[in-house]
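Presented as structure tokens, the chain that follows is alone, the form predicted alone.
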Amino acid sequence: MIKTIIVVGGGIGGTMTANNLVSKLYPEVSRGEVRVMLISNSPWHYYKPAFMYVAFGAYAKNDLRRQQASLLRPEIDFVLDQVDGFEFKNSCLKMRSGVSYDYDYLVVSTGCIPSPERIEGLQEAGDHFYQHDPARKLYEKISTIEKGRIFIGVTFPTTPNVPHQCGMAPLETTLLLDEFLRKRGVREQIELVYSYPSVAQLHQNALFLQKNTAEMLPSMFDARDIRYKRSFTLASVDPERKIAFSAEGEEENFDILIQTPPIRAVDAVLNSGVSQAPNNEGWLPTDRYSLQLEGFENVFVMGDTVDLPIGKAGGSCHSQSPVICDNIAGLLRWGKAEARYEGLVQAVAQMGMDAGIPLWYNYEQEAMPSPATKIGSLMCKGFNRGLYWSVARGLA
């Protein structure tokens, strides 16, 4: 009997994993013993991390997308449809089109959704760069502001130890914004303030989730005349008065508010009845080593959908994908899932348009930031401009 492996989600995690599964299981696929499917609700695959650069006018929309089908190996069955229901107990997916798909193994790589409406006033008064249209709107604002105050903040999920999306992005954006305004010749008339919440602080008075990076930031900000504020957890926003209120009882005025929005899982995951995350955030309970959905040996979770204390970023997916592929192959061939994910995340932080820092960390080892260099920036730009698409295809 043919074994069916379904990957749900057409982002970097799902695309890479579907391609890698065919490579890993090519003997079984070529003999017709294994079928690999990828289901996505969009015909387009977007390089989402580069939306940050859209906020600075660096990319057009067409630069950041490819036809999803063009990124998949020919052995993969691509299904354009929306999953409305995960029935994990029955190993079945219910689709918006009305059809159902049974699976032997499932990979959930459905990402997360920015949800500014979860904080009063944020949707009306705040800006972010995690989607194309909001990033373009932010670009229009920072391109025309002549004087005033830009307040930058970070919102973490309510779920303990679960980070926000793209951990370095708020810091990267702050440094890019400083550079952007200097090139416009208006930086001296605009106050920049970077803030960080209390709830995410694993050590006292942090400006970042990880200690080594947090300790590096004050001198970096001081050199650029960027103000910084610890322990500011956004609670609500007054759009008319342009004031941000914190859970700690403070308030900050702004002309532009750039706020990492709350995030949640997609509707089908929220409604699956499996998540134990508070505030209806929807993260799936995931074994930190095998990446299996707890209680379901044949289901694997990756990327932004997990409830693990590790970055919700493409750099996580790059390390999770081979573990999932090895474990599915192990279950198919020997009935065992023995590969272990150690929490590895790899990335290059953009510290201005012409400087970057390669970073890696895992469950046990925090990131060790090094001096920002032009070589680091070239690594980041090379990945943005071309290598990403090879990675998605499973070629790198």
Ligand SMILES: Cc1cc2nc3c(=O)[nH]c(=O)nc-3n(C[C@H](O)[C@H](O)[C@H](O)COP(=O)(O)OP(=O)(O)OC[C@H]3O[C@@H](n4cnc5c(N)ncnc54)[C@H](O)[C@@H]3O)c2cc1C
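Because the structure is predicted, anything quoted here is derived from the model rather than measured. In case it trips you up, residue 1 is the first one in the sequence shown, and so on.
Another form, the form predicted in complex with the ligand, is not on view; read the next lines as being about it.
At least one heavy atom of residue 111 is located within 4.5 Å of the ligand in the predicted complex.
Although the partner is absent here, residue 51 is a contact residue: one of its heavy atoms lies within 4.5 angstroms of the ligand in the predicted complex.
Interface residue remark: residue 312 is counted as part of the site for the ligand in the predicted complex, having a heavy atom within 4.5 Å. Using a 4.5 Å cutoff between non-hydrogen atoms, residue 129 counts as a contact of the ligand in the predicted complex. Among 42, 365, 30, 370, the residue placing a heavy atom within 4.5 Å of the ligand in the predicted complex is 42. Interface residue among 214, 125, 226, 266 relative to the ligand in the predicted complex, by the heavy atom within 4.5 Å criterion: 266. Partner proximity in the predicted complex, defined as non-hydrogen atoms within 4.5 angstroms of the ligand, places exactly one of 56-64, 32-40, 354-362, 330-338 at the interface: 32-40. Contact annotation for 1-22: residues with any non-hydrogen atom within 4.5 angstroms of the ligand in the predicted complex are 8, 9, 10, 11, 12, 13, 14, listed in sequence order.
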